[in-house]
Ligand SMILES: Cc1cc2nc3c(=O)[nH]c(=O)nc-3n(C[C@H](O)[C@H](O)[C@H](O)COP(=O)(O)O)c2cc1C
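What follows is one chain in structure tokens, specifically the form predicted alone.
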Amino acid sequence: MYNLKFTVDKEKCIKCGLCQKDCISKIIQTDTDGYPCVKDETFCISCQHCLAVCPKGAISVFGKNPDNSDEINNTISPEQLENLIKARRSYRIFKQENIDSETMNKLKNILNWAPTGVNFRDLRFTIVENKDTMVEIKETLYKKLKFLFKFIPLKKSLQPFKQAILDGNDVIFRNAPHMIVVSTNKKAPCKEIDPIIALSYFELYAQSLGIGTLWCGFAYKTLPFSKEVMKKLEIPKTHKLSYVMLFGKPDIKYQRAIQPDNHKITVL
């Protein structure tokens, strides 16, 4: 990454060497006075670990002031996080109202902290913020699907969904007022998993705000059938649709966690 702008506040720097030790690309060295410096910035992957690890906030990169970073604290206990994970449910019953702008902005902002492989940060998100826009998207897609049903045979297992759609039931979007669509650069090193990690971050944070979510495989599979909808989503040609999540204020409340069967775990 060029234009690294690696700078050291020598009045704050204690020459602890943590930035050099933690640099994944090993481009941070020390100068003749023992202060950190960069050997070859072209190998930087923009992870900002050097900024994050410095105990005195002496390092700045890309013109970012460490004083503007949130300090890390452990205000949430492992037990609280465990409960949040256990309480997560897939919601299919939503209130027919828009999420307020403050909460929506929080949800959008948290996506910036989702990690990507090799720090290849080129995920794209399309977020439907207005329930009326969701209605337009749904109507356009269902119109296209009803047309395709006349020509494309479906598996027996999908016949009930076909009939439900023909009957006017929203079996794909479950009347969710909002939707987030993530696409990834086709050249991304970890293009298969990066979008899923981002949506996982989004989902858990949404739950902490009282927002329900639904991983929507039906939407992921059917959205591409409508060129009109795909155009509306504004996915660049350099990217491909990766997955879809529905969300909104739940119109149902779960009282307890489920008791799932255990996954198989091999211990070596």
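Keep in mind that this is a model prediction, so the values were computed, not measured. Residue indices: 1-based, along the sequence shown.
Beyond the structure shown, there is the form predicted together with the ligand, which is absent from this document and is the topic of what follows.
Note on the interface: of 182-190, 90-98, 122-130, 108-116, the segment with non-hydrogen atoms within 4.5 angstroms of the ligand in the predicted complex is 90-98. The ligand is not drawn, but in the predicted complex it has no heavy atom within 4.5 Å of Tyr201. Contact annotation for Ala58: none of its heavy atoms lies within 4.5 Å of the ligand in the predicted complex. In the predicted complex, Lys144 stays away from the ligand, with no heavy atom inside 4.5 Å.
At the 4.5 Å threshold, heavy atoms of Leu214 reach the ligand in the predicted complex. For the candidate spot formed by Arg174, Phe218 and Tyr243, every residue has a non-hydrogen atom within 4.5 angstroms of the ligand in the predicted complex.
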